[in-house]
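Quick setup: one chain, the form predicted alone, written in structure tokens, and binding and motion questions come after.
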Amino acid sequence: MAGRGVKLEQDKKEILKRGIHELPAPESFAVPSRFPPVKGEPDPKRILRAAEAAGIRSETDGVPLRDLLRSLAEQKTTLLAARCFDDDPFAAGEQAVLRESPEKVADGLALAAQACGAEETLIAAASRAEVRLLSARKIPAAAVAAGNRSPADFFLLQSLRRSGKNAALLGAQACAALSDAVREGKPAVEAVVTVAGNAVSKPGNYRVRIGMPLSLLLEFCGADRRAQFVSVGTALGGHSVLNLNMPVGFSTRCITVLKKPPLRREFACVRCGRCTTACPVGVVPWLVHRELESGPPEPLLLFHVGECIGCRACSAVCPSGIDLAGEVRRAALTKEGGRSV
């Protein structure tokens, strides 16, 4: 799979240097109540109860951590890795949490592994430099660099599974929150969010209360009120928002604010094959585009469309600006339903 995926230019060194800024909760927000921490040596049941009491959710998809760990136990996960990298040009929250509290991330990872029955743990850092930082701080956990091609989490899991491991990933924020819940009885009411873009005067990583309106966060970051584009999510998979009263959630990891919307121009497909090279699962996006463009597609030519993981690498490398990822998704629905679109 050498060369698969897409290498994204990174622009977050300055943001990471500034650490994580604590953003005060609005006065209308209640002070979170703590609960009794786990006494003595924690066992899987007490770890799961602490995760539930704290209300911890995965920052990747918003799934309650208790349910996720139970699911991983049912899947007989043998290796649990902390996802301490941000597969995005701007987002840096996971990396910042690891830099701020590596001991807490490692502790939470060990607790999560105990709860789901995983025998091994691994910290997946953003780069070899990050791994060296962990080694210098003598963090008692094995670490590996995730790599610089998106989707890095897919390639990491693929590599681990090829070595015979039934591996799974858990976000750095969820790991740190689990450590706080078990050791201190601290509820999970905050998320670390990266705010970036050319319409922000104070870009950075911010620890904010869950439920805070985006408008308050952007005001604190010095976002230009005349900004014409606000996106929530990664650079490849984010979506624009118009309602800034939308609340920050556990899975709100990056907000990009731009003075003007990105210029999107689409040209005819030149069949260069870059999309095919980038796809990690063997889809031929340009062929999918041709089939959809020419009329009812021939299902036999829609290779592997049902295996698309939604990484959008094909769209990112397309020199013609075609939304190939959207077309692959349409083709998958077509093939699954046995109908044309």
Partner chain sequence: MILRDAAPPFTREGPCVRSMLGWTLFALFILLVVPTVRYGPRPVTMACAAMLTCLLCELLANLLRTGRFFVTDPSPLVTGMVCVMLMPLNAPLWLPCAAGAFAILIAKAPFGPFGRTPFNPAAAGVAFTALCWPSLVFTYFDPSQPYVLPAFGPCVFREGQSAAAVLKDGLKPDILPLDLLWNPIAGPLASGLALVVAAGGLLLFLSGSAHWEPTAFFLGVTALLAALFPRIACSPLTSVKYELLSGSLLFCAVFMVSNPVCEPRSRTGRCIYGALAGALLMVFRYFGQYEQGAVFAVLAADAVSPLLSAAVEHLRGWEAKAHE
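Fair warning: this is a prediction, and the values are worked out from it, not measured in the lab. Residue numbers count along the first chain shown, from 1.
Below, we turn to the form predicted together with its partner chain, even though it does not appear here.
Novice: Based on heavy atom distances of 4.5 Å or less, which listed stretch (226-234, 71-79, 153-161, 113-121) is in contact with its partner chain in the predicted complex?
Specialist: Result for this chain: 226-234.
Novice: Quick check on this chain: which one of Val144, Ala141, Leu133, Cys269 has a heavy atom within 4.5 Å of its partner chain in the predicted complex?
Specialist: The residue in contact is Cys269.
Novice: Of the residues Asn198, Ser251, Ser240, Asn166, which one places a heavy atom within 4.5 Å of its partner chain in the predicted complex?
Specialist: Contact with its partner chain in the predicted complex is made by Ser240 alone.
Novice: Residues Pro26, Arg207 and Cys221 are flagged as a possible site; in the predicted complex, is every one of them within 4.5 Å of its partner chain by some non-hydrogen atom?
Specialist: Result no, not one residue of the spot touches its partner chain.
Novice: Although the partner isn't part of this model, could you tell me whether Pro44 comes within 4.5 Å of its partner chain in the predicted complex, counting any heavy atom of the residue?
Specialist: No, no contact at 4.5 Å.
Novice: Do Leu48 and its partner chain come within 4.5 Å of each other in the predicted complex, heavy atoms counted?
Specialist: Output for Leu48 is no: heavy atoms all beyond 4.5 Å of its partner chain.
Novice: Going by a heavy atom distance of 4.5 Å, is Arg66 a contact of its partner chain in the predicted complex?
Specialist: No, no contact at 4.5 Å.
Novice: Closest heavy atom of Pro247 to its partner chain in the predicted complex, within 4.5 Å or not?
Specialist: No.
Novice: Quick one: which residues from 310-328 get a non-hydrogen atom within 4.5 Å of its partner chain in the predicted complex?
Specialist: If the 4.5 Å heavy-atom criterion is applied to its partner chain in the predicted complex, 310-328 yields Arg312, Ser315, Ala316, Val317, Cys318, Pro319, Ser320.
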